[in-house]
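Next up: a single chain in structure tokens, the form predicted alone.
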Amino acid sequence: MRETTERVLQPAEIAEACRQLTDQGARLQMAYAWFPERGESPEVLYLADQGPGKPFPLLRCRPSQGSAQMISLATQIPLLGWYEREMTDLCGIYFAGHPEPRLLVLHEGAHPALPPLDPRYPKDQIMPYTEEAWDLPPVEGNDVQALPFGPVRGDVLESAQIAFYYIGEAILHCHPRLFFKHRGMEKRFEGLSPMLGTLVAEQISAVGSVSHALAYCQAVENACECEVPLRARCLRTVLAEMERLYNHLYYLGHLCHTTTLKVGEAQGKLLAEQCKQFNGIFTGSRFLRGLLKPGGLRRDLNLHGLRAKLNVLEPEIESYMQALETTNSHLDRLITTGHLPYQTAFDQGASGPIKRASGIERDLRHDHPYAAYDRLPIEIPVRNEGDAHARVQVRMAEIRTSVALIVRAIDEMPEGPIDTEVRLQPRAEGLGWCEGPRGSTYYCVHLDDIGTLVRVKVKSPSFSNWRVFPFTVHDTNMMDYAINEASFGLTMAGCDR
């Protein structure tokens, strides 16, 4: 893969290689497995980020044929815990010594004939299930009560089941059970032409349509050594920031809902709605779908009127944010709620505004510029408090940055073509990334002998942040739970995939 430095190692060498990377300041981003050949053992890949302007380290290893076993790195690098469990469920790889050797993607009672991501697994076969109890960790104590909350929850929240162990109002332990609506999106890519894969990528999470499609397109372009025209890159930047803008405004409104600030909720959601209407007016899609493709854009866009509309809306947005920051009843519910320390955020894999609110100064737009971000330098907003209010402040700063980036990109929009030919390469591999509203999105694509997709790995920010979230719930209270969850801005669709 371009933009990476690759090493092929034996399974026994992986732990030391990862330790060396972390000692040098790199941060592991994800791990995944794929089957290069039908009927053979899978290959496991570890992707890391070693900082601004540096290539991504990529470690490869392959368990011996027939064993499908490796040593778990979850005690050394905790954020890999979920990726290892995901590989166990979907690829049949057993990680010895894993501290949480329980199912993650598959629920108790699942009996797949083969690992679901094995290319021999029949796509039209429904996975057999039997009714089995949820395997929860034991919690002892005479006064401890258990509350299974969900998977059907109030309002319009997506499906998730949270098991609380609590005494009175104090939460001792929070254990989430997700993947109730796992759609097998990575499996759906198999056998598709890379030119059609964008349609799958932008369906993974509605409110992340651009970030998923953009990361996917860049992965294909990386694999096929394709250079996207400048106008297309600038238009992609505008679309990505428009997506960030309506997401963050809706986030502020929804957070007001949890603090019972009804006027703030209505105003935030109205501003988000106005931004989505701008999307519809200038692109034909409120969620900015059907626009991106490998090589550029499907069609050109005329965005000249967007600048004037944003100039009218910007003072309203600023007034709204200032009102929130001076409303004591709202701030009282946010300050100190859901504290996430720097080290926990780093070790457990926090992403996006969540990590930046805990002092981690990383943003792919700045560290590894894509689209036209190399022409539009940005400042990374960072807070160190790590609480719900800090997460709000980071998003407010990003709203201001998004408006400024959109206006500047429109003013400096070049003329020229909006797409270029993508020549599919056999056996090619590519890496793409995007800093979406919720955090870092990565795509790795693998093509077969005739240039069709054989494996697409999706690293979604909500997958990372859902893993981090319970660490902010333990030893808190029931009254703050809904506020804390809302402050993370999580989506189930992005996590379940």
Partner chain sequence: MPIWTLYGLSRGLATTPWPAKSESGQQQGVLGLPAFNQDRCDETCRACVDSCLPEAITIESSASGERLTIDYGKCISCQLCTETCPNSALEKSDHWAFGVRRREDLVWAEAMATQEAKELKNGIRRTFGRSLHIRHVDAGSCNGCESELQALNNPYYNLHRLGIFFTPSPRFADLLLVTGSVTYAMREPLLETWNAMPEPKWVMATGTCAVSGGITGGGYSCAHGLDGILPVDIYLPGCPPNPSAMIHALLLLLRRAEQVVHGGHYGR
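Positions refer to the first chain, counted from 1. Because the structure is predicted, anything quoted here is derived from the model rather than measured.
Just so it is clear, the following notes concern the form predicted in complex with the partner chain, a form of the same protein that is not shown.
Think of it this way: in the model of the complex, the partner chain has a heavy atom of just one of 153, 173, 383, 400 within 4.5 Å, and the residue is 153. Of the candidates 423, 304, 123, 427, 123 is the one whose heavy atoms come within 4.5 Å of the partner chain in the model of the complex; the others do not. Only one segment in the set 229-237, 199-207, 332-340, 359-367 has any non-hydrogen atom within 4.5 angstroms of the partner chain in the model of the complex, and it is 199-207. At a distance threshold of 4.5 angstroms between non-hydrogen atoms, residue 263 is in contact with the partner chain in the model of the complex. Proximity of residue 90 to the partner chain in the model of the complex: non-hydrogen atoms within 4.5 Å are present. Although the partner is absent here, residue 290 is a contact residue: one of its heavy atoms lies within 4.5 angstroms of the partner chain in the model of the complex. Although the partner is absent here, residue 277 is a contact residue: one of its heavy atoms lies within 4.5 angstroms of the partner chain in the model of the complex. In the model of the complex, the partner chain lies within 4.5 angstroms of at least one heavy atom of each of the following residues of 79-111: 90, 105, 106, 107, 110, in sequence order.
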